[in-house]
Ligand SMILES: NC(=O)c1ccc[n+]([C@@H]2O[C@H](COP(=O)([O-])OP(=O)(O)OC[C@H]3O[C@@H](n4cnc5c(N)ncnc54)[C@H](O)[C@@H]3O)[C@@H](O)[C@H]2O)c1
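Given as structure tokens, the chain that follows is alone and in the form predicted alone.
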């Protein structure tokens, strides 16, 4: 396959973020002319970029995608864009105005500036949140988005439809990737939006029994971050356009099973404590059908949940040990 990255200028929004930083690392191996990154460090960090921040191929700009003039200057001369910058689902709910400015208006700016500067293709980070509680399991891309109840999911679907309309009106090539439950080293660990597995790792480290709210039967499809990064590269290298793809691991894992895996990889004998569910989760199941990504992008996940949890554990305990000793 022709290497589209070689000698190209690539722009990555959110390139200091959890997934974005791994995409940058994958891109560097493909000999681009330049990788331009913008990140405001609300979710990303300098630590995420330590493997490439001094690489001469990388040009980093600390800035906000809401700064249209800055975005205009950075997208000028760009061949390809990975649009990955986003707020978390809870942050959109807490402040819908910020959600609108970041998730909708700034995505519109990216699309418009891509047309203006003749960008060859945009890879848009979408989400399984667009489905809400899906109609079918495993869930194909043809399931409708009408069960979604979140601002975040609505914004991601709007982004997909925006790029689709720009393909129709202006010929702008794009692919949208609907990530299922992303996890791995560099994931968000601080603040009130912390993932449940990080809270459980805190319990394992401190010798406290981990808590499960509800009966632990809620399921997710956990997909390792490096697999997601490889899917992004595959979507860019492919000639496929005007398509959305599920990116998952094709395994349905309950919260109880997830905790069992975490305890196992940490050789822990702690027992979960069950508590009454303190909120209603409208999405009780997630399971991706990725046959379309396998067929059109040649994408197959390679990292098992157990291996991924080992790597997450090692990274997190090293990170917290450094913090404690600082």
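Fair warning: this is a prediction, and the values are worked out from it, not measured in the lab. Positions refer to the first chain, counted from 1.
Beyond what is shown, the protein has a form predicted together with the named molecule; the following relates to that form.
Looking at 290-298, 36-44, 267-275, 51-59, the stretch with residues near the named molecule in the predicted complex, meaning non-hydrogen atoms within 4.5 angstroms, turns out to be 36-44. Site annotation in the predicted complex: the residue of 150, 112, 253, 181 reaching within 4.5 Å of the named molecule with a heavy atom is 181. Of the residues 86, 81, 155, 176, just one reaches the named molecule in the predicted complex with a heavy atom at 4.5 Å or closer; this is 86. Contact annotation: residue 125 falls within 4.5 Å of the named molecule in the predicted complex, judged by heavy atom distances.
Contact between residue 316 and the named molecule in the predicted complex is not found at the 4.5 Å heavy atom cutoff. Residue contact with the named molecule in the predicted complex: residue 66 places a heavy atom within 4.5 Å of it. The shortest heavy atom separation between residue 102 and the named molecule in the predicted complex is within 4.5 Å.
Looking at 9-26, the residues that come within 4.5 Å of the named molecule in the predicted complex, counting any heavy atom, are 14, 16, 17, 18, 19, 20.
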